[in-house]
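Below sits a lone chain in structure tokens, taken as the form predicted on its own.
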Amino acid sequence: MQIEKLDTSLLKKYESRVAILKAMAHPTRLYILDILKEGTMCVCEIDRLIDSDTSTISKHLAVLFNAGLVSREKKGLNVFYTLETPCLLLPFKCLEKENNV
């Protein structure tokens, strides 16, 4: 394995990773990612599962969308969200298993 020197292009790769981690760095957003692994959901369905106002949930969804973690599709008056990267949640299985959570 060849280790690369941290140059501008490699730094951009790590900055991108940091943006993803920042988007995930909230309990509600992690919960949203977790429930979306079951399949596409409407904002109204997500809203029923979270004890918060709709505008706050929409802001969380926007953060996840802007980070590329979820996609969205508008159908009529409803917006549906889909988890784009289910493998993203795999490290948590590993960490929780190791820590007996």
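One-based numbering along the sequence shown. Here the structure is a predicted model, which means the values were calculated and not measured. Heads up, when I say rigid core I mean the largest set of C-alphas that superpose within 1.5 Å between the two forms.
If you look for the form predicted in complex with another copy of the chain, you will not find it shown, but the lines that follow are about it.
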Report task. Verify the contact flag for Val43: yes if a non-hydrogen atom of it lies within 4.5 Å of a non-hydrogen atom of another copy of the chain in the model of the complex, no if not. Result -> no
Requested in this report: Answer for Pro27 alone: is it within 4.5 Å of another copy of the chain in the model of the complex, judged on heavy atom distances?
Outcome: yes
Query raised in the report: For Ile20, is any heavy atom within 4.5 Å of another copy of the chain in the model of the complex, or not?
Result: yes
Query raised in the report: With the partner left out of view, is Arg48 within 4.5 angstroms of another copy of the chain in the model of the complex by any non-hydrogen atom?
Result: yes
Report task. Could you run down 58 to 80 and flag each residue that has a heavy atom within 4.5 Å of another copy of the chain in the model of the complex? Result -> none
Query raised in the report: Superposing on the rigid core, does the Cα of Leu21 end up 2 Å or more away between this form and the one not shown?
Result: no
